[in-house]
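Form predicted on its own, single chain, as structure tokens, below.
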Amino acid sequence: MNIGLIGSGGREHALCKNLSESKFVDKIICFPGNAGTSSLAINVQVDILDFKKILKLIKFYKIKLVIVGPEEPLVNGIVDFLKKEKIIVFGPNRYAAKLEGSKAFMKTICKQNKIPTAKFKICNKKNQVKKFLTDCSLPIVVKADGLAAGKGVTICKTEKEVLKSTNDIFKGKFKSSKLVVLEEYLLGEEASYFVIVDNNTFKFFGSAQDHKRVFENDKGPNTGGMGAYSPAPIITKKLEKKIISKIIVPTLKALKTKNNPYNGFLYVGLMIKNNEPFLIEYNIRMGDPECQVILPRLKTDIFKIFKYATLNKLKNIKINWKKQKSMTVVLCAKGYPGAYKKNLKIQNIDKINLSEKDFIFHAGTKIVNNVLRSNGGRVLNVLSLGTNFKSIRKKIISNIKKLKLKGIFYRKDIGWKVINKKNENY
């Protein structure tokens, strides 16, 4: 069977690799893919928001199943569009995709269904912001309502910062929305919990913890993610039951009652406070870089999982996992998450002798005249599997040092919280 995979990041390279290992997959066509996917699939340059062009390509390449990696086409309704054309596609419809596409929508679902989350207010006027400032102590989290490529969240320590950040959003800093969601700041530990969902059921699809801040010791502005590790040690069986009963089940039930059942990957972004889970955000797809640390731990054929999910038969498949742990460090172009250097040369990548437990997933890369160059802010993901996070990180850093890079930086402290606990199991 020919598979279509939409997206061009590290997440898509990881998905592409797993799909390429399935005996049921003949060809993978990536729209548009990156330098890493080009060795596993056919890369086709196309605007992923040009649904009509993508449909033509699906028909041309005789694609039988489409998997949508990133959030933007999902929020814009690609699943609805393709299903009308009788194309089998994996991912949520436009309405369900509002769980990520609109933070105001997600917070309203929480309020209506008593899902634990931070105290919040949806604002479109300055006086609403000022009212929340009187009701909630600093710091305050300012969020752009719509999609913002991981850059729409600001933790504000002063009233002045809150007013500036909200004013920027009101003035159209992000094209997706001029609405603001203000939240109380929850102090705890972040974790990500993933499920795969069909009309009838859902199944666990891994846990991870990532590092969103750009600099070491979790300093600096938020990014799309500077590194991650899996599984998340903080998520115990007891906590998992709370996540499922208090957050996931009520959300899926709410969408079903609105005649828009959720389908696809669901990323539950959590803050764990006093061993209680609070919903911070939903993502309507696998995370990036969380996907890159979860998929190498997957034992079950991913194509079969997608097939069962699209047939609404997830209950009939058992998803198995390796016992090994994994970690990835993201290599970024200097300046990221702000204005960053482009077209940087990446050398020696083919000279690294990767074992079966080591991976390099491409993110923002391209090949120009047979030379590998950067094509985005997050460039590469260097990953390893192992028995404890400290030794895994050491192996990753060793592999990174073998690369010849200029204008590229990375965090050397990924996993610092769990490693610093000095527990031999970590």
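In this text the structure is predicted, and so the values were computed from the model without any measurement. Start at 1 and count along the sequence shown; that's the residue number.
From this point on, the text means the form predicted together with a small molecule, which you will not see here.
Contact with the small molecule in the model of the complex, defined as a heavy atom within 4.5 Å, holds for exactly one of I319, L147, A254, M271, namely M271. None of K121, R297, K212, K203 but one reaches within 4.5 angstroms of the small molecule in the model of the complex through a heavy atom, and that residue is K212.
In summary, the region of this chain contacting the small molecule in the model of the complex, judged by heavy atoms within 4.5 Å and restricted to 240 to 248, 327 to 335, 162 to 170, 275 to 283, corresponds to 275 to 283. Put simply, E184 is close to the small molecule in the model of the complex: some heavy atom of it is within 4.5 Å. At the 4.5 Å threshold, heavy atoms of S176 stay clear of the small molecule in the model of the complex, well away from it. At the 4.5 Å threshold, heavy atoms of I88 stay clear of the small molecule in the model of the complex, well away from it.
Taking the partner from elsewhere, L311 is found to have every heavy atom lying beyond 4.5 Å of the small molecule in the model of the complex.
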